[in-house]
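Here we start with a single chain on its own, the form predicted alone, put down as structure tokens.
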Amino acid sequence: MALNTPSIKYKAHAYKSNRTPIQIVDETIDLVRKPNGEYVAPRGRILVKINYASLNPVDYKVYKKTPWISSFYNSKKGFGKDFSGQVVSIGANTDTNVKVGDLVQGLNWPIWGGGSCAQYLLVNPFWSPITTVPTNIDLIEAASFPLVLGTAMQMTRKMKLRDSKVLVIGAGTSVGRYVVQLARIGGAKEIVTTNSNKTSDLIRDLGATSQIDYHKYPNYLTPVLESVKSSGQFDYILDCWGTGDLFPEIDHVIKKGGIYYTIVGDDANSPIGAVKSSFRVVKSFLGLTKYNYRLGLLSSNFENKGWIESARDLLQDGKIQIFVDSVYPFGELREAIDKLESGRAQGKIVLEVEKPSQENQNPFE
């Protein structure tokens, strides 16, 4: 894909701070001229023409917490991280396995870097995992999984799942659905989940052996203790929702040396919950708890970004099911965010930047 222009001009969704709206702006990517007169992506970068970008709750939370003073650092902060599209150009000395023309999916870092809700994206593979799209999924599905499946893989990576007893809190969430599937693939003997009755059939099909309806039990402690009485303590607790319900009896709930991994903490909307979660991290680090407590979202350097190839292989082998709720046109990001924030989505919300051509030929032709 020879480029014959010194720069790429494109449209992107961006914002200055939480005091300003997210809006479509004009952006430019400057290219590097080769001796033969052609132009390529800057050194160490991959230029991707975006077809689809998916939205995550954390994307909007980052926007809402972005202070006005940050606009002096960057007045056009991109929105969104997950993407799928086609590689247009690769700069010199770029450490990557993808090639020009490949259909790819990935997750763009850092937080205030370029957003995936844009016509083009300049990816730095040192920070941002990127790999080719499995042949058995489309580009909409390819854009929907990187952050959530990557998070689920990071949560379970240190766990010896075979013949274990696992509790998945928030199994109906995007991350939770993948955690349940990974626990099943890993050979967990018992997978107890918390979810609504509306998703019970789906969660059972994904691998749950028993379920707790959170509408029936607003506090999880009683049914969890009943499960412990019935079949023993849990080896692993994976919290994809955010709750402190179990901690009054946590030593009775989880085995010694077990792992409690949360991506939210006690309560994402409560400063007190954040303090409690941070305190538990410190206590666990100092060895003052019988179990290991972990708190955190997906790391930008998780397993040196090799997880995305593992995720691709799981998808290629048909072992993981992907969930997409709806697809919105490029100009309807506000409507897409409203659906995301409504809590009614049954899968990922995806923004269609541009439909892929049937042949996936040179996007500049």
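In this text, all values refer to a predicted model and were calculated from it rather than measured experimentally. For every residue, the number given is its place in the sequence shown, counted from 1.
One more form of this protein, predicted together with a small molecule, exists but is not displayed; see below.
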query: Option from 248-256, 273-281, 135-143, 195-203 whose residues, in the model of the complex, bring a heavy atom within 4.5 Å of the small molecule; finding: 195-203
query: The small molecule in the model of the complex: contacted by all of Lys61, Tyr214 and Tyr220, heavy atom 4.5 Å; finding: yes
query: The small molecule contact at Ala345 in the model of the complex, heavy atom, 4.5 Å; finding: yes
query: Residue contact check: Pro42 to the small molecule in the model of the complex, 4.5 Å heavy atom; finding: no
query: Contact flag, Leu298 vs the small molecule in the model of the complex, heavy atom cut 4.5 Å; finding: yes
query: In the model of the complex, Gly115 touching the small molecule (heavy atom, 4.5 Å); finding: no
query: Candidate from Thr173, Asn292, Ser164, Thr209 lying within 4.5 Å of the small molecule in the model of the complex - any heavy atom; finding: Thr173
query: Answer option from Val224, Ala188, Ile263, Val88, heavy atom within 4.5 Å of the small molecule in the model of the complex; finding: Ile263
